[in-house]
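This document opens with one chain alone, in structure tokens, the form predicted alone.
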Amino acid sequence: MIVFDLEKCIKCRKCEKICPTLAIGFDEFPCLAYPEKCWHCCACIKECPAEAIRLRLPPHIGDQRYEMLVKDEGKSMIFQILFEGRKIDEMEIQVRK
């Protein structure tokens, strides 16, 4: 499930625009308006310039205190695993663009 940190959100609406399934809505802040449509593709997480969106593991997969943050660093993607907001692991994957 996608979760938003509203204190970090800068209201740029990039998450809403990049979502391929239109699952993200926007009122005063972004929200997961249609959670059943979300593919967990992480496009919104990667696009967010404020790092205000994270992927929380769904309950059928694991402990919901774990979250994932994705960063686009140009020629690589960085995946960070967080436990209760604290980084516990990081993986970098080189990508072709």
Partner chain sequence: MEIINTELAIIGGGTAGCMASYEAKKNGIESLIIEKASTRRSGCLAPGVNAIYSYLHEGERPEDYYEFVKHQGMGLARRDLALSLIKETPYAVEILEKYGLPVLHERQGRFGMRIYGEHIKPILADIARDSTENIIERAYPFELAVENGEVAGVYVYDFKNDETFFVRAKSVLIATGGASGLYMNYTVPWYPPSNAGTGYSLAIRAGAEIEGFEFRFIPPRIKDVNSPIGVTAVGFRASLKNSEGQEFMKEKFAEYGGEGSPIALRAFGPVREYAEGRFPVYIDTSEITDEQKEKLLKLYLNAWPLFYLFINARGIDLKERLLEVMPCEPYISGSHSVAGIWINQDRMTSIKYLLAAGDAAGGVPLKHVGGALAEGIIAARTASRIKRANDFKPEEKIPEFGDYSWKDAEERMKFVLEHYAGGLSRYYMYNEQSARIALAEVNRLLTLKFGGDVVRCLETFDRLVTAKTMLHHMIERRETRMPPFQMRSDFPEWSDSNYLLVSRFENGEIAFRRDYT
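Because the structure is a prediction, the values reported are computed rather than measured. Numbering follows the first chain given and starts at 1.
The same protein also exists as the form predicted together with the partner chain; that form is not shown, yet it is the one meant from here on.
Put simply, C41 is close to the partner chain in the predicted complex: some heavy atom of it is within 4.5 Å. Looking at V3, you'd find every heavy atom of it more than 4.5 angstroms from the partner chain in the predicted complex.
When the partner chain is considered in the predicted complex, E84 lies well away from it, no heavy atom lying within 4.5 Å.
Taking the partner from the other structure, the partner chain in the predicted complex has no heavy atom within 4.5 Å of any heavy atom of C9. Counting a residue when any of its non-hydrogen atoms is within 4.5 Å of the partner chain in the predicted complex, the hits in 1 to 28 run E16, K17, I18, C19, P20, T21, L22, A23.
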